[in-house]
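Before any questions on how it binds or moves, here is one chain, the form predicted alone, in C-alpha cells.
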Amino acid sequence: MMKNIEKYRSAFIDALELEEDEAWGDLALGETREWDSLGHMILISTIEDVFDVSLDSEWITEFNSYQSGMELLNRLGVDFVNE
C-alpha cells in the first residue's frame, strides 16, 4: 500500500507530467513550467480523487505550492507523518 506522501507525489507526476526525481520542495504554481492554470485544475482534480477530499475555491487558491498542498490536505485529515 502506498504511503500518503507517495500518493501525493504520484498525483503531481500524473497531473503535471513531472519526472520522479523532481525537486519537490521547489514546485510552485506559475513558477514550475508544467504547473500552469490548466495543470492546476488537473492537479486539484487528481488530488481530490486520490485522497477522496473536496477542495473549495478558497483552498484551491491557497494550494499554490507543493508544501501548501500538503498543509491543506493535513487540515482535511490526510496524515503525512504518522501513517
Partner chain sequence: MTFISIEFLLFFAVIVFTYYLIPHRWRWILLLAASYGFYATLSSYFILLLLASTAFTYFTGIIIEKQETKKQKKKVMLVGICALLFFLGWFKYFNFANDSVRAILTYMDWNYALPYQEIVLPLAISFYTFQAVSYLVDISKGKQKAERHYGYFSIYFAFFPQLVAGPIERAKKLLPQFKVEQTLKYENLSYGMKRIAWGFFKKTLIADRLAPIVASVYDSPDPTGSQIVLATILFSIQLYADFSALSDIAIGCARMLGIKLTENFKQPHFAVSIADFWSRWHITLSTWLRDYIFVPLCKGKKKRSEIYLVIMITFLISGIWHGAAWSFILWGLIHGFYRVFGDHTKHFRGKMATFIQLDKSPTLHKWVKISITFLLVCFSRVFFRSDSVTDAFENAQLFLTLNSWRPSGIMEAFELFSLLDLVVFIFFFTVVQLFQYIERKNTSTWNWLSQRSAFARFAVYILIIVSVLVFGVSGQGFVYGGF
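What you see is a predicted model; the values in this text were computed from it and never measured. Numbering follows the first chain given and starts at 1.
The following text describes the form predicted in complex with its partner chain, which does not appear among the structures shown.
For D36, a non-hydrogen atom is located within 4.5 Å of its partner chain in the predicted bound form, even though that partner is not displayed. Among residues of the shown chain, D49 is one whose heavy atoms approach its partner chain to within 4.5 Å in the predicted bound form. Contact between L18 and its partner chain in the predicted bound form is not found at the 4.5 Å heavy atom cutoff. Within this chain, L29 is remote from the site of its partner chain in the predicted bound form, having no heavy atom within 4.5 Å. Residues S37, L38, G39, M41, I42, S45, T46, E48, D49, S54, L55, D56, S57, E58 of 37-59 are found to place at least one heavy atom within 4.5 Å of its partner chain in the predicted bound form.
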